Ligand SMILES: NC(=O)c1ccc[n+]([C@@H]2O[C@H](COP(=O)([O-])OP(=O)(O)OC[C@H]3O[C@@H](n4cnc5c(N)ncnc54)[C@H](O)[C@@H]3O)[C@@H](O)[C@H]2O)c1
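As structure tokens, one chain now follows by itself in the form predicted on its own.
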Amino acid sequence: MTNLAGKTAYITGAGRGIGRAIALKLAADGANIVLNDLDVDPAAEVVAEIEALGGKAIAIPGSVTAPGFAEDFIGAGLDKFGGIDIIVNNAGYTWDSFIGKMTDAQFDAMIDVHLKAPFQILRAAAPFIKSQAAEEAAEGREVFRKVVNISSIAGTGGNAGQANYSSAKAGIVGLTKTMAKEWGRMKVNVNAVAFGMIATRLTEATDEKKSIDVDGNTVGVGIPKKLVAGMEAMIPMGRAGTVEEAAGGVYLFCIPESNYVSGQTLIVSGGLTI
């Protein structure tokens, strides 16, 4: 018997990297997956991977910051699978500058994707969670639901050049603690996972100038090789984490063993703190 059999998990930013690893991890443990990615093809590919393993999944592509996205995302999952058991707010990216050169658009973009979008998704899920929790309480049943918000050690300790990202990731910790208090009586565990350096396309060691397009904005990706080497030297475990290791941290907050853990931030960083 798998821990998550019959559960339904909603995961944003799940077409690549950490989000994809989370989707595959939860699906392998029995969960139905409602996944999102900004791009259609990567999202469809993850759905195909899950189905090839015998799991069930649907994709709701698009920007998590688009008007009405939260309601569409939650609504599609309820229409398909009929429930909400796990929400993982993972979608995001970085758009760095030192504060003297950072634009309002850069700052607002990070707040929108890392903080406002998770808030909107949880708000959209609230009516269903409240009604189900009331029914379960009336029947004398104890059913736990899980929310895992993705933060960063930039949010717990700050990081030069990331006033926007650090502010948003610190904010998600505050949202996590608040929702743990609001939803605790409804048996919802709300926690955060703060990642350190995880090997993804955003943190790839490269001296080439690389960029991606996000909502019409050109955003640089990759980190110079010398800088990556220096950062890895600071990590007690001596290397960046893998996306599978990152997903493992999220998984801990999704299983029954964490039913009495709420309002916490787990740092998954190989021992690095900043």
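All values reported here derive from a predicted model rather than from experimental measurement. Just count from 1 along the sequence shown to find any residue number.
Below, we refer to the form predicted together with the ligand, which is not included among the displayed structures.
Although the partner is absent from this view, residue 159 stays clear of the ligand in the model of the complex, with no non-hydrogen atom inside 4.5 angstroms. Residue 203 belongs to the set of residues with a heavy atom inside 4.5 Å of the ligand in the model of the complex.
In the model of the complex, the ligand sits within 4.5 Å of a heavy atom of residue 38. Remark: residue 171 does not count among the residues lining the ligand in the model of the complex, judged by a heavy atom distance of 4.5 Å or less. The contact with the ligand in the model of the complex, taken as any heavy atom within 4.5 Å, belongs to 113 out of 74, 175, 188, 113. Comment: the ligand is not present in this chain, but in the model of the complex one of 198, 129, 121, 179 has a heavy atom within 4.5 Å of it, namely 198. The stretch from 88 to 96, 180 to 188, 75 to 83, 139 to 147 that comes within 4.5 Å of the ligand in the model of the complex, counting heavy atoms only, is 88 to 96.
Shown here without the ligand, the chain has 150, 151, 152 in 142 to 157 lying with a heavy atom within 4.5 Å of that partner in the model of the complex.
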